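Encoded as structure tokens, the following chain is the form predicted on its own, with no partner shown.
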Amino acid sequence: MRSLAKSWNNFWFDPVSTSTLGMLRIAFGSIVFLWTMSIVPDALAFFGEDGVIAPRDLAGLQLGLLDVFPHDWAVFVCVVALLVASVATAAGYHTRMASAVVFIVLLSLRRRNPWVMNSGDSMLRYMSFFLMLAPAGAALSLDRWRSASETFWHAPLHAPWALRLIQIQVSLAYLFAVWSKAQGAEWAAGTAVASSLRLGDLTRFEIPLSWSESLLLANVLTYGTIAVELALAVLVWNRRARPWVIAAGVVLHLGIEVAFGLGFFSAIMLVSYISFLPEDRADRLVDRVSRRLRVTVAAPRGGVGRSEAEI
């Protein structure tokens, strides 16, 4: 019992390097910026006063900024705030405040019009909440540079409980995806992916009829998708199996991205995989980058001479 309690405590609170969290924050802020830029042309149509959904008069607690201020100017403010906050998050500048702004704006947009969002957008919102609670600016950030520029490349140690919550969220997302698929007749029959490939408004290009009508290919793609998602929900926690599981997830989402136009869904899920990068590997990667940058900076501008590594 004592061993179980120790393992539980180590999982949540044993200090680890924040390099993985820093990489996740950079990728997260970048994807939020790109996501926001993608909605700029349609922001008023999606979320404005005269948009596809009329502002609601809700009694009781108002959980979204656009419920409190259902005006076009508020949409403009939210979009600009999200752009600025996403850049600040990626750069790690006043990181906690920036990620809090990202969370509040994403939540407000979701409440204003949930019909233009998908599960990937929900993952962005969840990640922003957990990053708001995490020491996300402790490493690879302007916050780190301002407080300890001489040790910028050294990630401090912190309890990983917020990072663990992100990992659990990713795992649960796939677990519930498998559960929902198990309730569907087409998924059980092994034809769901083939049916999706016939949806012309979702596919990026016309799928050859021989592909979408092949029962063997339909079964392989359908049951293969379920198997990969189940592995991402369960086997991803096994450190030996994790690289293979993550690789399968990358292949799955690259295939989805090539075949279907689902916005940033696949990109967001791929970013979430960074949370499973072991801290020791993240530290080695950061060290390799820092050495490369120091050698580059040390080399003469004319390109002739010895590098720092040779001196």
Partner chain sequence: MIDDSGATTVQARLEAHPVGRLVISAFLVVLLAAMVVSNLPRSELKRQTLPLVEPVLDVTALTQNWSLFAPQTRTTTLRLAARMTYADGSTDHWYQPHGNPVFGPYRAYRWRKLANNVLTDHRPDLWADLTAWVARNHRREGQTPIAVTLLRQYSVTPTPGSGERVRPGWRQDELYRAVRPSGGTW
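The shown structure was predicted, so the numbers you read here are calculated from the model rather than taken from an experiment. Numbering follows the first chain given and starts at 1.
The next section is about a form of this same protein that is not shown, the form predicted in complex with its partner chain.
Asker: If we define contact as a non-hydrogen atom of the residue within 4.5 angstroms of the partner, is D67 a contact of its partner chain in the model of the complex?
Answerer: Taking the distances in the model of the complex, the answer for D67 is no, it never comes within 4.5 Å of its partner chain.
Asker: Report whether the minimum heavy atom distance between S147 and its partner chain in the model of the complex is within 4.5 Å.
Answerer: It does: once its partner chain is placed as it appears in the model of the complex, S147 has a heavy atom within 4.5 Å of it.
Asker: Report yes if any heavy atom of A194 sits within 4.5 Å of a heavy atom of its partner chain in the model of the complex; otherwise report no.
Answerer: Contact check for A194: yes, within 4.5 Å of its partner chain in the model of the complex.
Asker: Against its partner chain in the model of the complex, would A241 count as a contact residue? Criterion: heavy atoms within 4.5 Å.
Answerer: It does not: once its partner chain is placed as it appears in the model of the complex, A241 has no heavy atom within 4.5 Å of it.
Asker: Which residue, A248, L270, A27, L262, has a heavy atom that falls within 4.5 Å of its partner chain in the model of the complex?
Answerer: Only one option qualifies, and that one is L262.
Asker: Considering A91, V84, L133, L230, which brings a non-hydrogen atom within 4.5 Å of its partner chain in the model of the complex?
Answerer: Contact with its partner chain in the model of the complex is made by L133 alone.
Asker: Just to make sure I understand: among 181-206, which residues lie within 4.5 Å of its partner chain in the model of the complex, judging by heavy atoms?
Answerer: Those in contact are K181, Q183, G184, A185, E186, W187, T191, A192, A194, S195, S196, R198, L199, G200, D201, L202, R204, F205.
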